Each structure stands twice: as structure tokens, then as C-alpha cells.
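First comes one chain, alone, set out as C-alpha cells in the form predicted on its own.
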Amino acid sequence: MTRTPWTIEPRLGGAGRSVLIAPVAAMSVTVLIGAAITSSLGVSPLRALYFLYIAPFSTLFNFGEVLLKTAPLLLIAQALAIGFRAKIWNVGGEGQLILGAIGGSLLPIFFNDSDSMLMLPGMIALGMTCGMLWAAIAAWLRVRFNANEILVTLMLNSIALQLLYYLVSGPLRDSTGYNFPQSVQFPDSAMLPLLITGTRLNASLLVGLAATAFAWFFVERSMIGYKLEVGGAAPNAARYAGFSETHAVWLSLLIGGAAAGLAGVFEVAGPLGQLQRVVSPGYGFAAIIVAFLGGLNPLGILFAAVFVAVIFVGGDISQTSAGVPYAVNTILQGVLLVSYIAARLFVDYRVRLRAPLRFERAQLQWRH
């Protein structure tokens, strides 16, 4: 066995400190690295900081964009965090969002002339059902064959994306849309109401905030949430108490699928107004970062969602104002996650270098 040059020991009370210290440290590192990356592309550090983190709040429209992007991140992250607390690792939020967008688009595509008040509720029901069915594939494979849900949900993301490409290029393509891979424009009855005039912010934010309140109650006050948390923290104790692992798998994945599917409906019924080849800039993947950055805590996730939304909007502004590649967005999200993991390591654990082996032997001989 190879002898490592360091030891890792748990700190007493580390979990309490990590609630605040680790996220703040991760966000600070991300801010600095974001400025460094954009500076290396020819943008001055102060301008880089302004475009990435100040400009998203500089106008009412930009601030509306931050809140608009907060909504899907909040919806998906709150649901994923419930499963993560139970050690059910659903990383398929992106695919479930896409299926929700597809399912929610069927009514306004095939009943495009309808002005029924039931249009939007029907879209929501179909989108959530499609997201749940997509997640149910992973749940069934996990329960029936013990397939790893990380691999299954990850692969289902790619299948969902290819299915979207096929549908918008074929069966669901607008025949009068000059051969562009997109559906018809949705009628007004299929669109979410706007919250603030002069912005694109819509009612999806209110649903995201309601989901936060529901997640808090589910995690902190409900027996089902308690069972899921015990199953994740102490699986042997949960089995001894009669808590069903099968039920935990199904419940966690179906909740995640429903929330992601709902977020997909809100994208096509909100800022997009139609089904397109790109219905998400990566909300399903970014929501995983949001869930962990928020410490899997509903209130922490709320603030983490706003910060990641700022990165999205700041990246867009940097691209249009300074020519910074959009890939910087993805890089900063990765930096944020890695920084958070590293911060949690040093906050929750004490890392010590080992003394050379000859000194350890000499200490043992002296003691004896």
C-alpha cells in the first residue's frame, strides 16, 4: 500500500462553518478567476469585473434577465437537492427539461389557433409528465437492475437532445418557417404573463419561489423528507427502521423529473415562445452546481441560483460588449464547482503533512 504524504482529519464543527464559508470562498475565487480570464482576452480587469458581475444589475432589463434565469435554476436545483440528500444522484435535469419542453409544446403546436384558458395548464401537465417519464427510465433501471443512475441520467441527456433535433427538424417543424428547425410561434394563450413591463421576466419566478418554500417544508417538516434524509445519511439505519430504498429512488427521481419538465415548459412558454433546437443554455447542468453551492439547503440554493444566473447574464453581456467567448460561462461554472469542493475540503477537514517515515519510527522507538 502506497503511503500518502498527508493525512485528512475531520474538524469538529466543520459542517456548521461550511454553510457560509465554503460558498463565499467559492464565489470569491470565481469572481477573481473570471476577471483573470477576461483580462487574458484583452479586457481590462475593471471592465471585466463590471461586465461579468455589475452590468447584470445596471439596468432594469438586465436585472430582469437575472431573475428570469434564476427561475429554472431554482426549480431544478431545489428538486435535485431533495434527491441528493437521499444520495440519489440525478444528473439528468437537462434531458428532463428538454422532454418537458417537447411535451409542453405539443398543445400550442397542434392547437395553434386556440385561445382556451386551459392551454397553459395543459402544457404544464404534459411537460411535467414527460419530465417524470424520462426520469422514470433511470428509476426503473436502478430499481430493477441496480443500474447506476448517474450514468443512466447522463446518457439520457444526449438522447433527449437528439430527439429534440429530430422533432424540430421534422414532425414539429413550422412548415411556413423557411425551413428553420423550430416550431410555430405559440399563441398568447400559451404564454406566461409578464411580471415587469420592459423586461422578459415572467411568472416562472413566482413558481420558483413557491418551489423553494415547498422544498423547505418538505425537507424540514415532512416525514417523507425525513425518511429520504435518513436513507442518505444512514442507509443501514433506514433499512432497519423499515424505510424503503425503492420508494426513495422513485420519489427522488420523479420529483427531479417533474421540476425539470416544468422548467422546460416555462422556457418555451416564456422567453422562447416556440420550440427550438436550443431550449436551454445548460440549466440542467448548472442546477447541479447551484444545489451543491447552496449546501443542499433550500434557502442557500435560492442565493446560489441568483449568483449562477448573474454568471449567465454577465457572460452574455461580456460577449456582446467585449467579444468575450460564451465558453467563459461554462468555464466559470466549472471553476465555481471545483472551488466549492476544495473549500468544503479545507473547512470540514484538517489536512496535515505527514512527517517522514524515519522520524515516525524514531518517535515510536522513543516512546517505547
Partner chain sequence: MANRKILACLAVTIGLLSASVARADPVKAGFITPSPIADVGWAHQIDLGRQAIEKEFGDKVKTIVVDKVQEGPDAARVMNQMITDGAKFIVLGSFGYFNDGLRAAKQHPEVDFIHASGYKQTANFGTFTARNYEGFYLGGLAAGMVTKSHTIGIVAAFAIPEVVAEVNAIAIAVHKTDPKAQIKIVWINSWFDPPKEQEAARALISQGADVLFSLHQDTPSVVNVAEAEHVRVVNTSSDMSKYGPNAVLASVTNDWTRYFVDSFRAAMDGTFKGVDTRGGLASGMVKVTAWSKDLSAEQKATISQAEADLASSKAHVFAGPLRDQDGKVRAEAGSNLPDQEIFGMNWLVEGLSGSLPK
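Numbering follows the first chain given and starts at 1. Not measured: the values here are computed from a predicted model.
The following text describes the form predicted together with its partner chain, which does not appear among the structures shown.
Undergrad: With its partner chain left out of view, which of A213, I196, L206, V278 would have a heavy atom within 4.5 Å of it in the predicted bound form?
TA: When its partner chain is considered in the predicted bound form, the option within 4.5 Å is V278.
Undergrad: Out of T246, S116, N112, S169, which one falls within 4.5 Å of its partner chain in the predicted bound form, going by heavy atoms?
TA: Here the answer is residue option S169.
Undergrad: P181: heavy atom within 4.5 Å of its partner chain in the predicted bound form?
TA: P181: contacts its partner chain in the predicted bound form.
Undergrad: My question is simply whether S321 lines the interface with its partner chain in the predicted bound form - judged by any non-hydrogen atom within 4.5 Å.
TA: Looking in the predicted bound form, residue contacts with its partner chain include S321, since a heavy atom lies within 4.5 Å.
Undergrad: Could you tell me if R85 has a non-hydrogen atom within 4.5 Å of its partner chain in the predicted bound form?
TA: It does not: once its partner chain is placed as it appears in the predicted bound form, R85 has no heavy atom within 4.5 Å of it.
Undergrad: Should I255 be counted as a contact of its partner chain in the predicted bound form, where contact means heavy atoms within 4.5 Å?
TA: No.
Undergrad: Counting only non-hydrogen atoms, which stretch in 123-131, 257-265, 97-105, 270-278 is within 4.5 Å of its partner chain in the predicted bound form?
TA: Of the options given, it is 270-278.
Undergrad: What are the residues of 196-210, in order along the chain, with a heavy atom within 4.5 Å of its partner chain in the predicted bound form?
TA: Just R200.
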